[in-house]
Structures are given as C-alpha cells and as structure tokens.
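The chain that follows stands alone, in the form predicted on its own, written as structure tokens.
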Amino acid sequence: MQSRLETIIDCMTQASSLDDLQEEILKLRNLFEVEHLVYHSVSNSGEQYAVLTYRPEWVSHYIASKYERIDPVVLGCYKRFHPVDWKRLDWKPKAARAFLGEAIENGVGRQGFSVPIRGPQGQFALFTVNHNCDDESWERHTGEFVRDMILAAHYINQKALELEGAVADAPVRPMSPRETDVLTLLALGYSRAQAADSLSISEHTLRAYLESARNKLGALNTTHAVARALTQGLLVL
C-alpha cells in the first residue's frame, strides 16, 4: 500500500499537460476523502489557471458575479502565508454570509481548508479542500491529512508552473549532508525528537540545521521546506 506522500508524488509525475493535471486532481480528491479539491493560480500579469471539482455552473456564476471581491477565503488567504481553516476567516459581513449560503446551495461544503502559495514573480495560488461534515469530524480529518495536503499544494503548484513554462532554471543552493538528513527524516514522518535521536544530535542542533535548510530553500515553514526539497529532487525517500 503506497503512503499518501508516494501517491501524491506519483499523481504529479503522471501529469504531462494541464489537462492531465485535472485528472490528477480527481485522484487527490479521493485520496484526501473530501468532496471537492481546488487549485487556482494567478500570475503577476493577471493570467489565471484552475483545476477543480466544483460544479461548472457554480464556477461560471462565481466568475460572472466577481465573487472573488467578497470571498473570505480569497481575501483572507491573500493576507496570509500559512494554511488556514475556513472557520478562522471573517464571515461576519452580510455579503460574506450571503455568499456562503449561495455557495452551499450550489454544492460547496460547509468545511474548508486552504493553503496559500506564493510563487515566482508575484504568482499567488490557492489549494483548497472542501467537505460537508460536522466540526468535530472535520477537525479530526484535517489533523490526519494536514501535512500531506500542504505537501500536495506545493507539488501541484510546482507542476502547474512547469507545465506553463513559468519555472525559471534558478540555481539551487546546495544543502549540507546533515541538512538533507534532517529533511529526509521529517519527510518520512519522524517527529523532531525522533529525527534528532536517529541522527544522535540534540533537538537544538536539529533546529539549527532545519533553519539553515529553510533559508537555503526559501521556505516559509518546515513542511514547505520538505515540499520544496522534494520537488527539486534534493531528497531520496
């Protein structure tokens, strides 16, 4: 049985065109056991690309109504660098509540989790999973899948940029063998304490290696660092 991480990597490897990426999105939706999955990217010039599982009628209505101007997910994530559960966003404005009601009527689930992504030259993208369940079930679900969802978000973004020819061949700052070891163990699911014990170093020393690797990779956090190292072929699992 493949791990979720291996399945994510395999899904992205299979995509050789933007149309193929839509097929892989359907596989990832099933992998994460949610009703909907969305990846939406906007370049610094305003060009947009999306792969998603919402009803086409809702997507057309959303675009025609310019709902991105009031959508708390778009507005909230544009100001953030870290993943966020929809419950933490601002749904208090009347227009936002009306929008949510209309979205639910069109098949959008009440629960959501979004990962904002900043790409090259001002690109902004969102990776979102969406589902219909109670709060307690959703908390358990996201707790189980959150790490893999963040990794999937960055894999999809990297693949979309490659397929659009938007990835520059920028030089990669090489990581030290110890930095590579640390990220490899974290990618395999080790906790920081377990990784430090496996490498016979203190957690303080491990954090120093991790911070150095994050800086070299231009990563926002540990999971982002693992994702970038994986997509750049710096880790072998």
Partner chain sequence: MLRYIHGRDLPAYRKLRDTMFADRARQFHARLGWDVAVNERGEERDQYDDLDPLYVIWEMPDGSHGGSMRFLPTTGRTMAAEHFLHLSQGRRISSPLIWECTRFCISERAGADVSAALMLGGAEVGLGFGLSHALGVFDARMVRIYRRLGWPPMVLGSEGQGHDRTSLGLWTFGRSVRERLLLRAGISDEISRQWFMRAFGHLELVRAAG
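Numbering follows the first chain given and starts at 1. Superpose the two forms; the largest set of C-alphas matching within 1.5 Å is the rigid core. Fair warning: this is a prediction, and the values are worked out from it, not measured in the lab.
Below, we turn to the form predicted together with the partner chain, even though it does not appear here.
Under a 4.5 angstroms non-hydrogen atom cutoff, the partner chain in the predicted bound form lacks residue 122 among its neighbouring residues. Among residues of the shown chain, residue 130 is not one whose heavy atoms approach the partner chain to within 4.5 Å in the predicted bound form. Residue contact with the partner chain in the predicted bound form: residue 17 places no heavy atom within 4.5 Å of it. Contact annotation for residue 162: none of its heavy atoms lies within 4.5 Å of the partner chain in the predicted bound form.
Residues 78, 79, 80, 81, 82, 83, 87, 88, 89, 90, 91, 92 are the members of 70 to 94 with a non-hydrogen atom no more than 4.5 angstroms from the partner chain in the predicted bound form. Core-aligned CA deviation for residue 217 between the shown form and the other one: 2 Å or greater. With a change of no less than 3 Å, the CA-CA distance between residue 37 and residue 220 is larger in the predicted bound form than in the form shown.
The pair residue 220 and residue 18 separates in the predicted bound form: their C-alpha atoms are at least 3 Å more distant from each other than in the form depicted.
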